[in-house]
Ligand SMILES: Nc1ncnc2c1ncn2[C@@H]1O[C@H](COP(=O)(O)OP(=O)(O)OP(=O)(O)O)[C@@H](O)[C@H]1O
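Listed next as structure tokens is one chain, alone, in the form predicted on its own.
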């Protein structure tokens, strides 16, 4: 596990990202369905912050809200998102686009579908550099070559001219990591970036993300369902279920001494390389039912009554 990082020189001591009391719902024909319930979290400069929970917990939706790419029917019904001291909760599209690249970056989940199959790798990296940094064609190509070398792709000159289908899944994910770091953003949302990869490649990609993060000093919101991954890469962690924050804190404390029943259940369901004989325990149905009931009760409560509850 990495040690807690301090803010690199020249960066503010306060949070680079501050999510406060965020509520989000999906608008339907007759009613809105709550997805995020009173979510709050902070990420300081240079920190890798894990966001962990089962599928459907709302992890990816939080990342999308930060990036401003949530579905059109997703409605922010309360709270705020501040990035680098600026409220970006309802930022107009043009201002949001200008924030991407140098301010915010994304490492998407699926390397098989996240690159344009009709364009060569070099052109896709260069387009990002030209759009966000205003580089000319020659400078963008030189930087693209440098980035492919940074993410340890062999024969980067050859890969520049290849199409995505000519690369393995692991190589495509390395290209996406290169694109995410290309403009040296202050915060990167990594949305389960190892899920679609086999175990050996997962380990390599995690090591690469840690290496690039340390080299560039970016903060990372690392979305995952795997507490084992969190223990390897994250400084702090927020545990999510049903769109609610159940527990948050230093990764070592969460892993070694979880306080919430759900966090303990996630730990019991996580494979341990140091205890290969242990049986994995699924999250108990009774616990899931209790948490779902709590979420429904929260939704039904008056605004004043739920203001102090996560």
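Because the structure is predicted, anything quoted here is derived from the model rather than measured. Numbering follows the first chain given and starts at 1.
Keep in mind that the form predicted in complex with the named molecule is not shown, yet the notes after this line are about it.
Contact annotation for residue 54: at least one heavy atom lies within 4.5 Å of the named molecule in the predicted bound form.
Remark: residue 192 counts among the residues lining the named molecule in the predicted bound form, judged by a heavy atom distance of 4.5 Å or less. In the predicted bound form, the named molecule lies farther than 4.5 Å from every heavy atom of residue 265. In the predicted bound form, residue 65 stays away from the named molecule, with no heavy atom inside 4.5 Å.
Residue in contact with the named molecule in the predicted bound form (any heavy atom within 4.5 Å), chosen from 158, 97, 73, 152: 73. Listed residues 44, 39, 246, 61 were compared with the named molecule in the predicted bound form; 61 is the one with a heavy atom within 4.5 Å.
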